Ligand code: BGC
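Shown next as structure tokens: one chain only, the form predicted alone.
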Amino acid sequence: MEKKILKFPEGFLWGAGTSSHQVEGNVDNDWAEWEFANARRKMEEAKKKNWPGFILDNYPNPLQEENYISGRACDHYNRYEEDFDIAASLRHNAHKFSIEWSRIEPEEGKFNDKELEHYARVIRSLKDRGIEPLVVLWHWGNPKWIAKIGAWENKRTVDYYVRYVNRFIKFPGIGDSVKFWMPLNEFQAYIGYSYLGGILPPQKKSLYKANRVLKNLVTAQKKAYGLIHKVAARDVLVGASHHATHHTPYNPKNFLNVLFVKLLDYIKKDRIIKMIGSCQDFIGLQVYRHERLRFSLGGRYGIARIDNEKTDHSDMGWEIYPEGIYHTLKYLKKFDLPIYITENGIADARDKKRTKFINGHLCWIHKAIQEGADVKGYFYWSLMDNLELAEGFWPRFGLVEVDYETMERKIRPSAREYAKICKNNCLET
């Protein structure tokens, strides 16, 4: 049977992503403080689950306390040149990464020029390899002094954040070298995990506080947008990062199931995009999973639970459903903004499903493009294995495998398959 070639638009960005706290190592922020306080509890909770051997054979695994402490992570802070050489060899022409605010301003008002120069070198390193940097200015971690004043619950944090952004983008070799910016990383998910679910720091469950944090983050996005456009390069593009799980009713004929999906889509997609308004030049879409929702008091969302039991899953139990990204792109088309897929990935320690996962999603992305969705780039999450939120190091999302004892990098077969797509700007199906 003859292969079908799916060609992507000229100038399409292909790459992967990382996050400072998750890969750099030796980060001293509120998140690191939380890890030390909660690692033993997380380990004890993990002992109650049944883990497959291929997860427990890796180091660190969920039953080890060190799994939950970032420590030296991937030592990317010192090894970024090596990691970018790998990205270039895999034909990536773009890379998404974040800046660690706690390095830039470890104490209130005391900025560290040495760390600013470090990030200027990181940007130069990417540019020298023909890789376009997409810079995220905040990826959930806060300096400890910010955490002490209540972080994003406190309006003053907005002003402190804008001051940090101003200092960062005005540093030589930064603001004039970066075209793509995202001020904040998917704050819908941050609010959900930290202020509604109480899973991640600061582990609070308060709708009132969640709303206050949302308003402050939206204000920060708007102020950073104006500042970057004023100070940085002329052709700069400032996007907003949106986490968008694809929801469907478990039973499409059940009115309550359908109603809840519509309500959740409005809250998690429409509402925040409309709040940000014109202060976003593009949508940075981050998609990982699909959830079929069934009405059930006391479920994950209060009145609904997730039912995906008969489908294929990642190592984290997330349903693999590539078609979901197509429906999400079609849903977002009404906002008439360019879209970059800034995160999309799978936990797959044995690398048995990653190629199919990437190819499947790209097939549906291509279909959405053919039907008018203005998609301009795809960043797989992540370039390398890393610390995955409260789960720790055991979920293996990376195109590149990391040996956390030796720090050796090993390119996975799926990464080489993805490299062919990046090189040719097309997918063979």
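Worth saying up front: this structure is predicted, and the values here are computed from it rather than measured. Position 1 is the first residue in the sequence shown; the rest follow in order.
Just so you know, the form predicted in complex with beta-D-glucopyranose (BGC) exists too; it's not on screen, but the next bit is about it.
Contact annotation for the candidate site: Asn29, Trp138 and Leu214 all lie away from beta-D-glucopyranose (BGC) in the model of the complex (no heavy atom within 4.5 Å). Though beta-D-glucopyranose (BGC) is absent from this view, in the model of the complex it lies within 4.5 Å of a heavy atom of just one residue from Leu389, Cys363, Ile69, Ile55, which is Leu389. This chain is drawn without beta-D-glucopyranose (BGC); in the model of the complex, the residue among Arg103, His95, His243, His247 with a heavy atom within 4.5 Å of it is His243. Of the candidate stretches 112-120, 254-262, 267-275, 178-186, only 178-186 contains residues with a heavy atom within 4.5 Å of beta-D-glucopyranose (BGC) in the model of the complex. When contacts are judged by a 4.5 Å heavy atom cut-off, Trp318 counts as touching beta-D-glucopyranose (BGC) in the model of the complex. beta-D-glucopyranose (BGC) in the model of the complex comes within 4.5 Å of no heavy atom belonging to Phe393. Contact annotation for Glu291: none of its heavy atoms lies within 4.5 Å of beta-D-glucopyranose (BGC) in the model of the complex. Remark: Gln286 counts among the residues lining beta-D-glucopyranose (BGC) in the model of the complex, judged by a heavy atom distance of 4.5 Å or less.
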